[in-house]
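We begin with a single chain expressed as structure tokens, specifically the form predicted on its own.
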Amino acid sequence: MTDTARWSEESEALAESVMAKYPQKRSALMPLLYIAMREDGYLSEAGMRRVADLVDLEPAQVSSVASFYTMYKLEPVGKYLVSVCTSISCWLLGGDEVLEAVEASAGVPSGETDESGVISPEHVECIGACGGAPAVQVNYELIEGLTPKKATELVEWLNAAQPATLNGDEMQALFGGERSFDWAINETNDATGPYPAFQPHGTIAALDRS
């Protein structure tokens, strides 16, 4: 298998550290896909080829995994991925109306990205926050108890402020309503892009809020 272009030095180091945690390199396939998303903003063909080289798999094998899970994005998305739960608990409490408010404020339907490349609305299945329905994630940072009005304000804020990182606790205080339960520990790590915030993958920013 011929090596493809290497990632940035930081991403290559992260990949090596992740692979070192597994007895077989191919077991690191899914974490490495998140590092590929961190590198390119989505799973590009070059990114998946790099993963294939790292774990000694064929690109088609990597693509088959990447295309199965919806949190792996095979096309570019906006700076902020706004995921609205439309499963039964959220739907019963107005999830569809929240999604419509997000789409209207962004100016594009679910699954598309606005012309400025800032907002990508999407509807998703259960995100495990039924007690705080309707629930929304922005770059996988959770906000519970949104109303359509607050969802509109959220999108307007994202467009106007365009924060470099996102913190779930802060967005909950600004736009959320009733939570499923109070978190015992404040969230100190921020999401850095439209992919899950995992420390081993370098997709978080730890900010000093003291």
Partner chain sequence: MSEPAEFVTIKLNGEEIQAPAGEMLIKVAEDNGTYIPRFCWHPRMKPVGLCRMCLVEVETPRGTALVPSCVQPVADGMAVETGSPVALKAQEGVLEFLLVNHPLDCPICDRGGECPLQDQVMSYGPGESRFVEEKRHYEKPVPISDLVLLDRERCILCARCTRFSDEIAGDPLIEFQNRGNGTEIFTFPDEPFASYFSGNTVQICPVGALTAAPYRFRARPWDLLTIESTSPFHTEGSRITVHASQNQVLRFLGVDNGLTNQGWLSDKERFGFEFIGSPDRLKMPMIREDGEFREASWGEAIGLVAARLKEIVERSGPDAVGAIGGAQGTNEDAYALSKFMRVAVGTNNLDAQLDDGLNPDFLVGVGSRARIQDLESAKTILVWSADLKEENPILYLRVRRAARELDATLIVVHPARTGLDDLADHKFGYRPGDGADLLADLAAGTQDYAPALDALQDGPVVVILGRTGLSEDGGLAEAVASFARDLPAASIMPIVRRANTFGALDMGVAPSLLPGRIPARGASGAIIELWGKVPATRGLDTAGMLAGLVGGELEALIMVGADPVRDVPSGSKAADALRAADFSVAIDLFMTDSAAMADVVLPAEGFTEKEGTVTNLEGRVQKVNRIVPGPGQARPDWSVLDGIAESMGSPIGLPSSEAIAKEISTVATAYEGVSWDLLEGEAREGAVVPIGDVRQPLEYIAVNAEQPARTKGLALHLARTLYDDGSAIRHSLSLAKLAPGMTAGLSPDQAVDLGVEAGDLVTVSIGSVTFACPVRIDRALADKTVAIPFNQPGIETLDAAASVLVKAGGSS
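Residue numbers count along the first chain shown, from 1. All values derive from a computational prediction rather than experimental measurement.
The form predicted in complex with the partner chain exists for this protein as well; it is not shown, and the discussion that follows is about that form.
Even though the partner chain is not shown here, does Met48 get within 4.5 Å of it in the predicted bound form, heavy atoms only? Heavy-atom contact with the partner chain at 4.5 Å: present for Met48.
Against the partner chain in the predicted bound form, would Thr152 count as a contact residue? Criterion: heavy atoms within 4.5 Å. It does not: once the partner chain is placed as it appears in the predicted bound form, Thr152 has no heavy atom within 4.5 Å of it.
Thr165 near the partner chain in the predicted bound form, any heavy atom under 4.5 Å? Thr165 lies outside the contact set for the partner chain.
At 4.5 Å between heavy atoms, is Leu174 in contact with the partner chain in the predicted bound form? Heavy-atom contact with the partner chain at 4.5 Å: absent for Leu174.
Contact set, 115-140 vs the partner chain in the predicted bound form - heavy atom within 4.5 angstroms: Heavy-atom contacts within 4.5 Å come from no residue here.
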